[in-house]
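Just the one chain here, laid out as structure tokens, in the form predicted alone.
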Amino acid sequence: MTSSAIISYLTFVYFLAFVFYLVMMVMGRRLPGTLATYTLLGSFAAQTAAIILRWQESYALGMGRAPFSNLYESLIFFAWTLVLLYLIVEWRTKNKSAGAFVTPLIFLALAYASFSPNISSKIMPLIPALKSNWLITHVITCFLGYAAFALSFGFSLMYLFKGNDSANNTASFLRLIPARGILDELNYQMVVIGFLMLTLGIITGSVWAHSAWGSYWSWDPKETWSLITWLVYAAVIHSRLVRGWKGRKIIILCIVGFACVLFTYFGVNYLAGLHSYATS
């Protein structure tokens, strides 16, 4: 079985994990949540194996490259990092409610990668600009940042769903969601992690750009929107630390920030620029 076939099957398994999390939230039962976690753990292990297999497949084809170089592979890796961070958060908080908000993002990423007619899963040789030792470092830091921002988006949605803590004590669906104060703190932690990873991603990307194109910064659309995203989340951290903002104001900023992440990831790939190869 090829790596792309494994990923296609895992798309539906991740959707099953979402269904388990949703049933847990609606019914307020522990068993569906336990099934969801074990489904997610099994899927994560299988996806890890698929990524390693794709790496081996590239060597078998005489290319020998890390599987992070095009839109298909980056979507797979984004989903992998998101599962990894979520499982760590679930283990730390002992609360599974975020799974109902995060697993749809994982499912959509894999579904788009596996079934979009505009995305090819074929392993292709690297273009000259990507033949660098900076590839793995740059991609890993950027996508860990994206995954942290995706979790922040999930916590932001949970915060909005939660509403007034005192008014939701009788609603089983909302009772499983942590208190707003906890969500606010978890959201801020994810923003800080994502901000640090994105900062490292921009730095490693600049060094890589200098070696590939002779310039640290070219105001390429991808670079520009990465900077815009960085500034939005810098504003979130500044508002929290200096202005003392909490709650809805920060939540709205985080949702705007994640919209910038999505445009940085998807939108600018279709604009003319040095990163246009990302659609290949």
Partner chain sequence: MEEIGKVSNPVWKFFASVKLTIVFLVLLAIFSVAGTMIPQKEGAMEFVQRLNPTTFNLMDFFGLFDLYHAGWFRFLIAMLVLNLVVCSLERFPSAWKRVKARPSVERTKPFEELPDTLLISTERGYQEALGNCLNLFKKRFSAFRSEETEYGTFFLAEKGRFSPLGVYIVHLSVLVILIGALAGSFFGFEGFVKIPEGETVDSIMVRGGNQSLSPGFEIRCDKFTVEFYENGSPKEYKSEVTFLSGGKEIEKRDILVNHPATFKGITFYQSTYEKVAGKELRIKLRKGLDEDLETIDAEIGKKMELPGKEGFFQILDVRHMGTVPAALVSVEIQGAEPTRFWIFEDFEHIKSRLPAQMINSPKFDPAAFKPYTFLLLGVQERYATGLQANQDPGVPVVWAGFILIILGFIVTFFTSHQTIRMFVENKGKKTVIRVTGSASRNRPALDRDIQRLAEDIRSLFAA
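Residue numbers count along the first chain shown, from 1. All figures in this text were calculated on a predicted structure; none of them were measured in a lab.
Same protein, other form: the form predicted together with the partner chain, not shown, and the subject of what follows.
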task = Give a yes/no on whether Gln56 approaches the partner chain to within 4.5 Å in the model of the complex, heavy atoms considered.
result = no
ask   = Should Tyr188 be classed as touching the partner chain in the model of the complex when contacts are defined as heavy atoms within 4.5 Å?
value = yes
ask   = So, in the model of the complex, is Leu231 in contact with the partner chain at a 4.5 angstroms heavy atom limit?
value = yes
request  = Using the partner position in the model of the complex, report whether Lys131 sits within 4.5 Å of the partner chain, counting heavy atoms only.
outcome  = yes
ask   = Pick from Leu157, Leu108, Leu84, Ile203: which residue has any heavy atom within 4.5 angstroms of the partner chain in the model of the complex?
value = Ile203
request  = Scan Thr137, Ser121, Asn95, Thr199 and let me know which has any heavy atom within 4.5 Å of the partner chain in the model of the complex.
outcome  = Thr199
task = Choose one stretch from 47-55, 66-74, 27-35, 232-240: the one whose residues place a heavy atom within 4.5 angstroms of the partner chain in the model of the complex.
result = 232-240
